[in-house]
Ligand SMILES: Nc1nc2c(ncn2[C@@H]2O[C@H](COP(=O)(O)OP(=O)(O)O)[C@@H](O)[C@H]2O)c(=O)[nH]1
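Have a look below at one chain only, the form predicted on its own, in structure tokens format.
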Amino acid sequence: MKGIVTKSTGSWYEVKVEGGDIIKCRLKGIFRLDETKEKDSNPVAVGDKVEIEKGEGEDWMIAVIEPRENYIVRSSPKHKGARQIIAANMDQALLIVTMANPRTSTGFIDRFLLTAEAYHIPTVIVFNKQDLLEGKASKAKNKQDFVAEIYQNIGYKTVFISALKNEHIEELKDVMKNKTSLLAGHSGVGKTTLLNTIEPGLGLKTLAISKNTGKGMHTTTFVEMHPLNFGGSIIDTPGIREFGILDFKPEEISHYFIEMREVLNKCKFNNCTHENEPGCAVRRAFEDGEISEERYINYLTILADYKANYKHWE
């Protein structure tokens, strides 16, 4: 029997089968990973298309995992040197960001976009909590204008909403209609509030921002897919504090900065990392103002971090 994985708890999976029933399944032993040998910390992800069968007793087992159209990964928070597949087979990602309470850095945005580009996942950047920026020319509002312009100029779609006040939600729903969307972002940016606004019947639990750290607290524990009453589905993910980069050679990282990709073939050297090599077209484009300083600095930071940890992925 075929179906789609709609929830993963690490040991149990929920699979929506043809006809709409949800069946709890375990993973058949052939898929168990020896994490000392494999890079993936989880063999099955929400969004996977699978075949299930009856195992011993009454338990259902995932027996076949069909090839993925795409997937998105991060470095595993529990297993150094391993990667965690967050979700698979999505049409797009919605990256929820906020400029206040908490603030999303462009460094985090660029790490996410880099990974999404590498795995062929279009991304929409959703600026939430517009209600906190109303009626004043605040530092946060100025920062938002600055950040939004960077990504608009290189072709990313941006949407500005207030999930709390239900503002511009219809515009976002038009973006989501009849698509499978991954919902991602830091803890505290309002992902759960947004889901409750879009689908009130879900009744998901929300938490306030931590007064001690100023950061969001996790309300979503597991990755889960929810159907949308206007068509399509949304994959909810736990808040991500850091988004580790993996699976690339250092000289490949620039290939997934879309504005750099346009000039890469003009560099003098094929393995140019665009730091201070002679004849570097990317560096020249930055100096000419064609690549934003924010993005270029983030690129160099990601490159340096990746070089320092690259041995884990070789």
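A quick note: this is a predicted structure, and the numbers were derived from the prediction, not measured. Throughout, we count residues from 1 along the sequence that is shown.
If you look for the form predicted in complex with the ligand, you will not find it shown, but the lines that follow are about it.
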property: Candidate stretches 109-117, 156-164, 143-151, 222-230, one within 4.5 Å of the ligand in the predicted bound form by heavy atom; result: 156-164
property: Candidate from 181, 192, 75, 104 lying within 4.5 Å of the ligand in the predicted bound form - any heavy atom; result: 192
property: 4.5 angstroms heavy atom contact with the ligand in the predicted bound form for residue 131; result: yes
property: Touches the ligand in the predicted bound form: residue 187 (any heavy atom, 4.5 Å); result: yes
